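Given next, in structure tokens, is a single chain: the form predicted alone.
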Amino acid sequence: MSKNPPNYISTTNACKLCRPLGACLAFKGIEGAVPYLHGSQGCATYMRRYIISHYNEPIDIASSSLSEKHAVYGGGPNLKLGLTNVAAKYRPKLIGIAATCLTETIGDDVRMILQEYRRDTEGSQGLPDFVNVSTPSYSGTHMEGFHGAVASVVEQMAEGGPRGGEINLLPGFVSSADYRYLKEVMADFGLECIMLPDLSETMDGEALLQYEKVPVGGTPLKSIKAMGRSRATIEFGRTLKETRTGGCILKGVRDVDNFQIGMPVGIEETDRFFGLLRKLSGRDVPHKYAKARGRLVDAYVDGHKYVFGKKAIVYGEEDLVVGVAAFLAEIGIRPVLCASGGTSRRLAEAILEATGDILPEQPEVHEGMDFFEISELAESLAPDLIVGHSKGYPLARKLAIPLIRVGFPIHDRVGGQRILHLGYHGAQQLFDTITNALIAKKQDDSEVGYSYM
């Protein structure tokens, strides 16, 4: 089901973030990388503030700091000067350059400018690698910026050669805890994994005595270069079909087999992921994951009476919405509205693929939504809970129902980067959180506030 075009063109509290923000986060998951925005200083300041509020970690985003003059005469000189300054001050291994609205509108040819810069600085010591991506924020969402940055990194850096035994893993934008979990899973299956990006340490690090300009961690550059020689690629995202993704580029240019699967949230989607790992590794599912699955099934049985028949609104990044909707369906909660600010035109199809065997009735599915529109629909749908990021809090407060925080951004709670969404372990945490929220709501609404059930 698609949204009918409204009779206005304004957006009220968008259910998405801007495209270069996603690119900056993808670059932060690369070893020794510094994100660099080619545009005004305000863009970098806004994105730093937004990202810090979720991760509670410092993040530096460089900027070419264009002014009105550069909007007329072009931003090439500022871009080159900024690259020289960043290289001197930070000593990065890579500078990831994302274009913004301003530079996209005036038509700066960033790739040509970089070619000129490389030619002008040939022979200079200490210059890093450069990767650029086109990310006009008036077109697309932060997820398109994220996937676009990953695709550009692969396209511009992955090399060919004799086939190796590594498995590329492109998990998309998940939490730092999810990245750590995925590395553990791949290692337990005995698979040598190249995960791009890797925000497990760079955006959830230790307390240090001295500030590190470029934090330790991220996907090593040598591993990125080896991705074109890997045995296969696993790419999470049911809505990514036939788009320009890192996995599709590796398949088309380097002939690396690409397996696109759903984000493994809940039992059904995790079973598909683990089944693929069994095939690629030739090993059975490790015992600890089989036990975790069994405990999760037992938890579903124990908590079924609290969650069955409840209705939920799910919103956020498209592929996370698909995964969460599938998870809710399998625990007995009916998603009545699945909404996203993205416009892939694949959301409804992906949700049907993931839930068609479970849900007797498909939810309303809307792309390109903002929270004004979500709020209007919510009035008539009478949900029992809302599942999504912090921007849905005003709606949850208005409806007096629980908000289960998942995804990005979570800026009204601590630990958003440590929420585990994926695998049997992530499903266990989500199930307990949702069930307990519903029990607490029932207690709070009770006249006697009963304490034993």
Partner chain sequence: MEAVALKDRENQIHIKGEAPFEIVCDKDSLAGAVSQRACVFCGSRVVLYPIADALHLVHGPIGCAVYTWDIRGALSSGPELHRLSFSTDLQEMDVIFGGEKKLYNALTELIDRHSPRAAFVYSTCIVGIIGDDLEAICRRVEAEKGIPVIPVKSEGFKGNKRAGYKAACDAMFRLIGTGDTSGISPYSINILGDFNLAGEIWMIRDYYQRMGVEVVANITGDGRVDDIRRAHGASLNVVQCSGSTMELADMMEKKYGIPSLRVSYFGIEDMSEALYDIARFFKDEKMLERTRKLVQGEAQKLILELEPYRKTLAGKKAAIYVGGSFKAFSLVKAFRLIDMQVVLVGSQTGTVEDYKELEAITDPGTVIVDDSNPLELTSFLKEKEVDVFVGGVKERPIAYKLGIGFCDHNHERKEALAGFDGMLNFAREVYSSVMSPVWRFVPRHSSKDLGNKV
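Residue numbers count along the first chain shown, from 1. This structure is a prediction, so every number in the text was calculated from the model and none was measured.
There is another form of the same protein, the form predicted in complex with its partner chain; it is not shown, and what comes next is about it.
- Heavy atoms of no residue among 286, 297 and 358 are located within 4.5 Å of its partner chain in the predicted bound form.
- Note on the interface: of 248-256, 205-213, 266-274, 327-335, the segment with non-hydrogen atoms within 4.5 angstroms of its partner chain in the predicted bound form is 205-213.
- Using a 4.5 angstroms threshold between heavy atoms, residue 412 stays clear of its partner chain in the predicted bound form.
- Although the partner is absent here, residue 371 lies within 4.5 Å of its partner chain in the predicted bound form, judged by heavy atoms.
- Mapping the unseen interface onto this chain, residue 14 counts among the residues with a heavy atom inside 4.5 Å of its partner chain in the predicted bound form.
- Remark: residue 421 does not count among the residues lining its partner chain in the predicted bound form, judged by a heavy atom distance of 4.5 Å or less.
- Checking 380, 115, 124, 139 against its partner chain in the predicted bound form, a heavy atom within 4.5 Å turns up for just one residue: 139.
- The partner is not shown here, but in the predicted bound form the stretch 33-69 reaches within 4.5 angstroms of its partner chain through a heavy atom at 36, 40, 41, 42, 45, 46, 47, 48, 49, 50, 52, 53, 56, 57, 58, 60, 61, 62, 63, 64, 65, 66, 67, 68.
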